[in-house]
Ligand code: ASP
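Just the one chain here, the form predicted alone, laid out as structure tokens.
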Amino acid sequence: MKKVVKFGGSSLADAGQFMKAGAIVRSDESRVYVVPSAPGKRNSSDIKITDLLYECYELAVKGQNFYEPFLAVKDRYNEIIQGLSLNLSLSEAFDAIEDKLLHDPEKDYTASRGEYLNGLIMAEYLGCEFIDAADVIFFDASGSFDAGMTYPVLSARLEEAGRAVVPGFYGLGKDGKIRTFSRGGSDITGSIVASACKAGVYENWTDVSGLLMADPHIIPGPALISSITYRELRELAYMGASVMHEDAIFPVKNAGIPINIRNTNSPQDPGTWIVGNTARRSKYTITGIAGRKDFCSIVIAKDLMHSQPDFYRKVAQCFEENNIPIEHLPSGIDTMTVIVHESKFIEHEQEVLSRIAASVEPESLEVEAGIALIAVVGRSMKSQTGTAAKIFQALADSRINVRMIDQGASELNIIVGVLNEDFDRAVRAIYNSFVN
């Protein structure tokens, strides 16, 4: 069985972390392909390499001196090389980056060099072949990942190499220039590599021992999620849970490859398994809780709206015309509620409201801002009676008023809306009701 291992920035922040990552790879001969991120923070006051490179680019495009941040980048990599006692020089790579910044600065190219340089070091340290992501991962003319072009080339190259390091985060655009995924995109590269080689497992190594049931900034020491399905993860990630990059799910999900989130600093911990389906039941009725603040609700009321076949389409079109995504649509017989994010809505607020008034002639139109949405997610909820009642009882006991309720037909999640100022209390109340 082949395993693809991706190491995050905190796992490769310095030579000591590199050694831990190297020991993990060497401890299992099935770990044949490694995807490194750029070095992250060594401490809370440190700066990530990618941020330093972005600073270099911003200075370069203004024609200003970028010597200081670029020197910090070079020093950081040289410290890692020296700490690992490697006979490796990155001078030529540094010169090429500096020349590009001086004569033709490109944002994606500059940002990608963090992973590129770390990949060179990792390949030398492990004694593996280095495969430049720009040679095997491709983007189409619109800047999106080109699966049709990538997989045949990448699969053949991996098979030929045997053991290899493929830096994360970037690839080659249709125009021949370097293109990057969105921030945190090394997760996506790892997923693509896993799919291309038909890996048995995609291991994602980071600085925590798996996914947590709730935000640790709100819940002290939340319980660990031992296993979670892709669908559950999507729900939690969509509602703001800090997990993997959202787009990293699809390549491995479609290939039926499980993901194992592991801790580089505690490799003996089993971590969290992310799978397509499982017969394993969660320890608790719910799998996790996540949420986001600053939503708006637009409540449209009109008698017999349900008898007008085009009513919902007309309302949705008012938002579509202003490029405002609709998050949720909880509705009744004579009312329709549209939930959107404030940041997308405020700028076009009056235009949208006037369009709704003109197109469907509602009897009333009410807007409320400052709403937080909380998703309670769990594959075990549909087999347990009284889950919703337990959620609302917990909120009632904490004197928290529920502004909105929405539940999907899959019974995988229940979403409740509360005021922004009640958000933390609501999360704690729900968590304590099910876990404590």
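The first residue of the shown sequence is 1; numbering continues from there. Everything numeric here is computed off the predicted structure, so don't read it as measured data.
Below, we turn to the form predicted together with ligand ASP, even though it does not appear here.
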Using heavy atoms only and a 4.5 Å cut-off, determine which of 376, 34, 38, 56 is in contact with ligand ASP in the predicted complex.
38
Going by heavy atom distances of 4.5 angstroms or less, which of 287, 186, 118, 110 would be at the interface with ligand ASP in the predicted complex?
186
Given that ligand ASP is not shown alongside this chain, does residue 387 nevertheless sit within 4.5 Å of it in the predicted complex, heavy atom to heavy atom?
no
Answer for residue 169 alone: is it within 4.5 Å of ligand ASP in the predicted complex, judged on heavy atom distances?
yes
Residue-level question: is residue 48 within 4.5 Å of ligand ASP in the predicted complex, judged on heavy atoms?
yes
Ligand ASP isn't shown here, but in the predicted complex, which of 226-234, 177-185, 132-140, 154-162 has heavy atoms within 4.5 Å of it?
177-185
